[in-house]
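We begin with a single chain expressed as structure tokens, specifically the form predicted on its own.
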């Protein structure tokens, strides 16, 4: 299966966006080779600014450029974009409704050997809590490119969560992508699996294994965490009577929390959240870390079986 890192797709998509739109400006906090904004810098040096290791300043600069009519894509690692620069993101960008797209790479456990200090498992929760902020977590390279284009067309603040390692490409070039609208990748009436980011391909693989046991599980790519596609969640709750959420993020405040809030308010059914269980990450190979924290195909299958027994 073809694989591509979402950060690589982001770098390529920025270049294409820059060719089409002269108002696109890209900022980076001295990590352009890692975030892949170096591709844009090479093509359009006059529209690229390296803010240095000063994430708060980068966000402030982005807000200033946006106030002058530019569409700004600002990048660094997720842990710095959402943690170190949180107050600047909140007050300079979101509070003021500036047209800044915070595109953060190296999110989640799959940063790998950099360890717990660099593995952001709280970033979705932080950005989701900020008013006026759109939160998007693409599953592969194709949807990342679509997301970049869609975020340009959308006026206002946004957080795009991107990863370090190559992940399976699950979409083709004609696949739909709309901010705020989930993509149903597989139908099924026995159980519903709602996933985002790197866990979408694993959810699909798990559904294939479950089908061999006669269990038909629906799989949904909830690429937009905010605004959440509540209609899709409610429809799944009604169709299957149970939901499993899967994310490379803390079970507190992320996709699982958003789905639970919707289900509780509109159509209560059992929901199990599979994610990082309120702990920090640690150093290790990406796949080893996913295994250690239970973010595997086997765990998805196990949790679906368990939900069906309770059902």
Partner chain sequence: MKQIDQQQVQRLKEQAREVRRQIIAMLGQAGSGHTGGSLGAADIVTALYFWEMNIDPQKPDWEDRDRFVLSKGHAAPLLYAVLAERGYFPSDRLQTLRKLGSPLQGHPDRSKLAGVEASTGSLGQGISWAVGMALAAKMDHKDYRVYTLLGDGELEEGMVWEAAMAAAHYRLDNLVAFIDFNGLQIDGPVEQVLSPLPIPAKFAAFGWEVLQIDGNDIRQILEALNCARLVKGKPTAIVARTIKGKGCSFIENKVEWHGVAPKGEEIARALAELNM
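Positions refer to the first chain, counted from 1. Source: prediction; values computed, not measured.
The following text describes the form predicted together with the partner chain, which does not appear among the structures shown.
Asks: Pick from 238-246, 63-71, 258-266, 280-288: which stretch has non-hydrogen atoms within 4.5 Å of the partner chain in the predicted complex?
Replies: Selected range: 280-288.
Asks: Which of 128, 97, 184, 84 has a heavy atom within 4.5 Å of the partner chain in the predicted complex?
Replies: After the contact test, the surviving option is 84.
Asks: Wondering, does residue 55 line up within 4.5 Å of the partner chain in the predicted complex on heavy atoms?
Replies: Yes - in the predicted complex, heavy atoms of residue 55 and the partner chain come within 4.5 Å of each other.
Asks: Would residue 113 sit within 4.5 Å of the partner chain in the predicted complex, counting heavy atoms only?
Replies: Contact check for residue 113: yes, within 4.5 Å of the partner chain in the predicted complex.
Asks: Taking the partner chain as it sits in the predicted complex, is residue 42 near enough to touch it, meaning that at least one heavy atom pair lies within 4.5 angstroms?
Replies: Judged by the heavy-atom cut-off of 4.5 Å, residue 42 is well away from the partner chain in the predicted complex.
Asks: Indicate whether the partner chain has at least one heavy atom within 4.5 Å of a heavy atom of residue 152 in the predicted complex.
Replies: Output for residue 152 is no: heavy atoms all beyond 4.5 Å of the partner chain.
Asks: Any residue of 25-64 with a heavy atom within 4.5 Å of the partner chain in the predicted complex counts; write them all down in order.
Replies: Stretch hits, in order: 30, 31, 32, 33, 50, 51, 52, 53, 54, 55.
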